[in-house]
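Next up is one chain by itself, shown in structure tokens, the form predicted on its own.
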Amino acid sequence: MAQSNPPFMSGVPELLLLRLLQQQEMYGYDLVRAIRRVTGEAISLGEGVIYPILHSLERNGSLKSKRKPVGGRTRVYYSLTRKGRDRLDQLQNDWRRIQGGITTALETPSNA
């Protein structure tokens, strides 16, 4: 059973969304499923988390959206803009730096 997402996850949903949208345009529920899939079920974010982030990223110019009819319904597909690609680069660099620091701390003997 998946554990709820801990507080240190702040910023991770944005990073994951931008990374997935770098690969292809997607709609909201598709992103929810993709996050579970690409993280090996370690991270599960609901639509109530995803949609506000998507809307915020669209408002700040990191994403653009377009409506497409699918099976008699309309879905909103999101894709990255140049600003979104720049933001993804920044978040990836930050994540790698933090990950390296935590890895170092975890591997350092506790009596150091």
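Quick caveat: nothing in here was measured; it's all calculated off a predicted structure. We number the residues from 1 along the sequence you see.
Form predicted together with a further copy of the same chain: not shown, discussed below.
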Query raised in the report: According to a 4.5 angstroms non-hydrogen atom cut-off, is Gly40 in contact with a further copy of the same chain in the predicted bound form?
Result: yes
Query raised in the report: Is there a heavy atom of Leu21 no more than 4.5 Å from a heavy atom of a further copy of the same chain in the predicted bound form?
Result: no
Query raised in the report: Going by a heavy atom distance of 4.5 Å, is Gln90 a contact of a further copy of the same chain in the predicted bound form?
Result: no
Query raised in the report: Quick one: is Leu54 in contact with a further copy of the same chain in the predicted bound form, heavy atoms, 4.5 Å cut-off?
Result: no
Query raised in the report: What residues, if any, in 11 to 32 have a non-hydrogen atom within 4.5 angstroms of a further copy of the same chain in the predicted bound form?
Result: Val12, Pro13, Leu15, Leu16, Arg19, Gln22, Gln23
